[in-house]
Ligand SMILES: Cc1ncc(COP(=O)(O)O)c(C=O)c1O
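Next up: a single chain in structure tokens, the form predicted on its own.
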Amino acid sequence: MPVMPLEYQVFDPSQCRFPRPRVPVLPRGLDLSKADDASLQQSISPLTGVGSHYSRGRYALGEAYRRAGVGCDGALLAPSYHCVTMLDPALALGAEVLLYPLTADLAPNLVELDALVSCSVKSIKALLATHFFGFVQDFSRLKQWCDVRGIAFVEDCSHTLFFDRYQAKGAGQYGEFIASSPYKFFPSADGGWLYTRNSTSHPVAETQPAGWLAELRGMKQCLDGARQPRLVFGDIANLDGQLSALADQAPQTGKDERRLRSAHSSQYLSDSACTAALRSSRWLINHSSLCVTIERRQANYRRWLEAVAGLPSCRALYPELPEHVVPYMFPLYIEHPMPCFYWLKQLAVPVWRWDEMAISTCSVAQDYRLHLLHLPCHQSLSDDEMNWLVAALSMVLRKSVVGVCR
């Protein structure tokens, strides 16, 4: 039976000619002098099961889908708000993907799941659920729903430090398979991890080590990131003139179009699906400081909360930061994607959003696609860089309101 293609809404920014971000989206550099006594491997020791290393979390997800039976004869349930790399592994297996609706805080809408299952022509083998932006969801009811129907629960912890002994309140507690992307939290060139709770019924597929040339490239990437020039306080003074020049020009809106796709995107490389994470990446991750990572990410998130509290036409998706949450990004909902997103990108602010997304009936996902910005809050950001980021966002939002009111 042929795979039903997914229809994607895709934003093409090529005509906008956005400059390279002046601040990295992910961590850089490494201060081993502050590394914790306990390694990450020790911090996950209370869990029972088998773990496997991959070059990216998307390939860990792909292996989880495969073991669960997702493929030509087995469908996947996935969240309507998603990065394409969450769906790519299932499409690479030739599977049908069904998108389930989410609530405003990105929790699964359990009421709609039964209707999706009843409409599926193929047997549903797995459900993917994500702890978005590091905010741990209570998936206990969702796990029970899967267990009753014999559906494998794949827990996506790519936005969390689920293996961290400081964050044991929920993440990583539900999934039959748990996938993560530690490179998003530590200054490594790559890194993905798949944890299988029941290794007997789900034999582990072997991964191949990366070659030495890839190892050297990975180490160079880390060194280049550590040497990247830092922003200084004086850069803030230039923002007003840069923004005024942008406001006087007609913005290039880019192209927003629909595309049918039954195969995975170019971000999924089949040749890399069975490649293990670089040895250097695993070493860097295991010798990074968990305490510093947690403290700085939480402090930067709170800095964002303070900054946006008085800004117009925006709101923090999660206005409170629980003590056990280690944020991946700061999600900010804005009322006017145009011109705000365009101005921020032209100012070289490292703002992100999931604007390539499979179309669904979920109004939340379709709204968040262009309105929900992802702003960095990682531990490598200096005080001057955070001040610059906050100043750029504040100026853009205030100026956009003035333009709308004219």
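All of these numbers come straight from a predicted model, not from anything done at the bench. Numbering starts at 1 and follows the sequence shown.
One more form of this protein should be noted, the form predicted together with the named molecule, which is absent from this view; the next part is about it.
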message: Please tell me whether any heavy atom belonging to residue 53 falls inside 4.5 Å of a heavy atom of the named molecule, as the geometry stands in the predicted complex.
response: no
- prompt: Though only this chain appears here, would residue 67 touch the named molecule in the predicted complex if you measure heavy atom gaps against 4.5 Å?
  reply: no
- prompt: With a 4.5 Å heavy atom cut-off, would you call residue 159 a contact of the named molecule in the predicted complex?
  reply: yes
query: For residue 297, is any heavy atom within 4.5 Å of the named molecule in the predicted complex, or not?
result: no
- prompt: Counting only heavy atoms and a 4.5 Å cut-off, does the named molecule in the predicted complex sit next to every one of 86, 183 and 354?
  reply: yes
- line: If we test each of 130, 188, 288, 80 for a heavy atom within 4.5 Å of the named molecule in the predicted complex, the one that passes is 130
task: Pick the stretch from 364 to 372, 377 to 385, 342 to 350, 56 to 64 whose residues have a heavy atom within 4.5 Å of the named molecule in the predicted complex.
output: 56 to 64
